[in-house]
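Single chain ahead, written as structure tokens, the form predicted on its own.
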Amino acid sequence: METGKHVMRQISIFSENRPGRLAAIAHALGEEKINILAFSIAEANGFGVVRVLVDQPEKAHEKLLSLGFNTAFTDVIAVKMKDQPGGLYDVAKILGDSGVNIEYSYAYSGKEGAVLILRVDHVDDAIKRIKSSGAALLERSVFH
């Protein structure tokens, strides 16, 4: 079972947590015609981590690096959930029952329905378990 087509390249951007940082990131990506498809922001000890899924991850990474941002790629998966009460529970239970730990996640509801973006400790196991349960994973081509 091929799992690679379900792994997305998320960009994590580490930055001081101060006014204008998100605007600078968004402006830089906009100048390059890079579309932000999903993102989250987390804060710890005065620093922020902006996690983004974009349609051109390599180009976005190069642009942000050229502007002095500290960035890294992270592999994540995108699970299509039922857009109704219990949808998150179904996915979390599949992974929890399989011993796969969710390190962090964020979600959006859009044209593809409700989608949960997940960083997990065992990507291949998570993909296999989700697929064998009948739940749907989005393919990388949806984002890139």
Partner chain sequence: MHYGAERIGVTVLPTSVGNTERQIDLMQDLGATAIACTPSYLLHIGEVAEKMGVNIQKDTKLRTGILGAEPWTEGMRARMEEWLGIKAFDIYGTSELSGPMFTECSEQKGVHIWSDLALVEVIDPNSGEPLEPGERGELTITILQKEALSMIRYRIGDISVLDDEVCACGRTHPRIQRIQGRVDDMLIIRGINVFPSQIEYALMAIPDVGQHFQIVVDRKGALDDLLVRFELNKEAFSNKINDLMLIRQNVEHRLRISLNVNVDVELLEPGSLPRFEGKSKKVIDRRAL
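Everything numeric in this text was worked out from a predicted model, so none of it was measured. Numbering follows the first chain given and starts at 1.
Heads up, the form predicted together with the partner chain isn't pictured, but that's what we're talking about next.
Query raised in the report: At the 4.5 Å heavy atom threshold, is Ser12 in contact with the partner chain in the predicted bound form?
Result: Residue-level check for Ser12: yes, a contact with the partner chain.
Query raised in the report: How about Gly30: is it within 4.5 Å of the partner chain in the predicted bound form, going by heavy atoms?
Result: Flag for Gly30 set to no.
**Report entry** Contact test in the predicted bound form: Gly99 vs the partner chain, heavy atoms, 4.5 Å
**Finding:** Although the partner chain is absent here, Gly99 would stay clear of it in the predicted bound form, with no heavy atoms inside 4.5 Å.
Requested in this report: Would you check, heavy atoms only and a 4.5 Å threshold, whether Lys131 touches the partner chain in the predicted bound form?
Outcome: Looking in the predicted bound form, residue contacts with the partner chain do not include Lys131, since no heavy atom lies within 4.5 Å.
Report task. Just give me the residues of 60-75, first to last, that have a heavy atom within 4.5 Å of the partner chain in the predicted bound form. Result -> Gly68, Phe69, Asn70, Thr71, Ala72, Thr74, in sequence order.
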